[in-house]
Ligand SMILES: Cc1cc2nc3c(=O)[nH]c(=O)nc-3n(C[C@H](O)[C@H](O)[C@H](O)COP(=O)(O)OP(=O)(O)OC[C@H]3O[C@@H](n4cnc5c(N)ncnc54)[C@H](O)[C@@H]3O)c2cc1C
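Presented as C-alpha cells, the chain that follows is alone, the form predicted on its own.
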C-alpha cells in the first residue's frame, strides 16, 4: 500500500477542459493503473478522492460541483497540494481483448481516457461512446479520437446524437460485438451498460464513484454491499454490480445517511 501521509506536490499546469472541468497537472509521477485514484489534500479545506486522468505524470480532472471543488478551481499554477496514493483496484486488462468499447458519461471520461491510451498501446481496436449533458461538457474527445472511433451523444442534442450514452451503446450493440466493455459515469448509466453486456455475454468492468473519507478501507464510508469501494474497487465487474442491492439504488451521504440514487 502507498504511504498514507500526503506528499507535497506542486501544480505545474492547469488546463480548462470544458465549462465545468479543469485538469491539474502536478510535478509528481506515480506508478498506477487506469481506474485507480488518489486522495487530494487542499490545506485548510479538506481531502477528496479523484481518479487519475493522466499517468504516470499525475493529473486529475475536476468538475466544479461543491465547496471543495470550487476552492480547488480557484488555485493557481505553482501552489502546493498534498497527494497520497494511488489507491484501489484498477481495470483488469486481457491480451485477448482485441476489440473493446468504452462507455463514458460526463466526467466519467476522466477514468477512461488513460485506459484508452493503455489499450491503444497494446494494439486493441477501441470504440468510445462519449456522452455529456451538452456540447460544452464533452470531455477528452480528442484524446479518445487519438485512440480510435468516437461516437458522441448529448442529452440536449447540441453535439452528436441526441440522447444518453446508454441508448447509443444499446443501438451500437445491434450491429457490433465486443470482446470487452469498460464504463464510467452515473450509476444508472453503468447499471444499464452492465445489464446489456450481461444479456449478450460480454465481459464488462466499470469504475464506480462513492463517497469516501479515508481511501484505505478503514472508515467504511464507501461500502457497497459489504465491499469497500476504495479497496475492492473502484473498478468492479458487471456481474458484481448487477448483484448489488445498493448499486444504482442508494448511496451514502457525508453524514452516513443512505439516500436514493437519482
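Positions refer to the first chain, counted from 1. Predicted model only: the values in this text are computed from it and were never measured.
The form predicted together with this ligand exists for this protein as well; it is not shown, and the discussion that follows is about that form.
Enquirer: Does residue 50 reach this ligand in the predicted bound form, with heavy atoms at most 4.5 Å apart?
Expert: Answer yes; at least one heavy atom of residue 50 falls within 4.5 Å of this ligand in the predicted bound form.
Enquirer: With the partner left out of view, is residue 37 within 4.5 angstroms of this ligand in the predicted bound form by any non-hydrogen atom?
Expert: Yes, residue 37 lies within 4.5 Å of this ligand in the predicted bound form.
Enquirer: Should residue 203 be counted as a contact of this ligand in the predicted bound form, where contact means heavy atoms within 4.5 Å?
Expert: No, residue 203 stays farther than 4.5 Å from this ligand in the predicted bound form.
Enquirer: Can residue 54 be called a contact residue for this ligand in the predicted bound form at 4.5 Å between heavy atoms?
Expert: Taking the distances in the predicted bound form, the answer for residue 54 is no, it never comes within 4.5 Å of this ligand.
Enquirer: Choose from 102-110, 119-127, 144-152, 174-182 the stretch whose residues reach within 4.5 Å of this ligand in the predicted bound form, heavy atoms counted.
Expert: Flagged stretch: 102-110.
Enquirer: In the predicted bound form, do 89, 226 and 241 all reach within 4.5 Å of this ligand through at least one heavy atom apiece?
Expert: No, the candidate spot makes no contact with this ligand.
Enquirer: With this ligand left out of view, choose which of 42, 28, 63, 196 has a non-hydrogen atom within 4.5 angstroms of it in the predicted bound form.
Expert: By the 4.5 Å heavy-atom cutoff, the listed residue in contact is 63.
Enquirer: Let me know which residues along 112-132 have a heavy atom within 4.5 Å of this ligand in the predicted bound form, or say none if there are none.
Expert: If the 4.5 Å heavy-atom criterion is applied to this ligand in the predicted bound form, 112-132 yields nothing.
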